[in-house]
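Just one chain follows, in the form predicted alone, and it is written as structure tokens.
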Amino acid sequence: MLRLTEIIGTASEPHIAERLHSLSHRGAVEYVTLRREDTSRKRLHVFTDRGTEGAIILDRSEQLANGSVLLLEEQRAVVVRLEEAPWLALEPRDAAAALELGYFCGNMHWKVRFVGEYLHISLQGPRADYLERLSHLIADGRVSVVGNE
């Protein structure tokens, strides 16, 4: 049984995202899917999407979230996914901004969906991490955040 005793970081942190991207090309990223209400628990018996049995045993100060990385080794990683990921909705100012936003999201390997004129990004970590990465587009008005999802 795999013992997962700490949260190393989130999948959206640049240095972790690079390592996860590399591991994903080798099929070496495993995901533990949790219900949102399980994120406050400190002890969980889990199975990854590959069938690996594990025990999450966290300190009281740690809080599981969508994109929490529980294991990051040379040959394998284990990442938390929530059953329904939150989405960040963005509205580009014009066609040029839409192209730039789409290009940027593609380079970041973010999961996106299109709803009308909006681009939605599946949040695999804290919303603030994504807003920070998008700040160059938001600051000058090329892209606006829609709602407070």
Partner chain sequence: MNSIVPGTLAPRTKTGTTSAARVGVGGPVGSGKTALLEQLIPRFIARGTNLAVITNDIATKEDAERVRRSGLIAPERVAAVETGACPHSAIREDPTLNMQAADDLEAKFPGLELILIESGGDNLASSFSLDLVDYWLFVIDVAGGDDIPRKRGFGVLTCDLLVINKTDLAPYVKTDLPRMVREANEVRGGRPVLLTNCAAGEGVDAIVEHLAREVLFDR
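Numbering follows the first chain given and starts at 1. C-alpha atoms forming the largest set that superposes within 1.5 Å between two forms make up the rigid core. Computed from a prediction, not measured in an experiment: that's the story for all the values here.
Keep in mind the form predicted together with the partner chain is missing from the figure; the text below concerns it.
Remark: all three candidate residues (7, 60 and 109) come within 4.5 Å of the partner chain in the model of the complex, counting heavy atoms only.
Comment: 38-46 is the region of 38-46, 85-93, 113-121, 22-30 lying near the partner chain in the model of the complex, near meaning a non-hydrogen atom within 4.5 Å. Of the heavy atoms in residue 127, none are within 4.5 Å of the partner chain in the model of the complex. Although the partner is absent here, residue 98 lies well away from the partner chain in the model of the complex, with no heavy atom inside 4.5 Å. Put simply, residue 56 is close to the partner chain in the model of the complex: some heavy atom of it is within 4.5 Å. After superposing the rigid core, the Cα of residue 129 is displaced by 2 Å or more between this form and the one not shown. Relative to this form, in the model of the complex the C-alpha atoms of residue 80 and residue 127 separate from one another by 3 angstroms or more.
In the model of the complex, the Cα atoms of residue 41 and residue 111 sit 3 Å or more nearer to each other than they do here.
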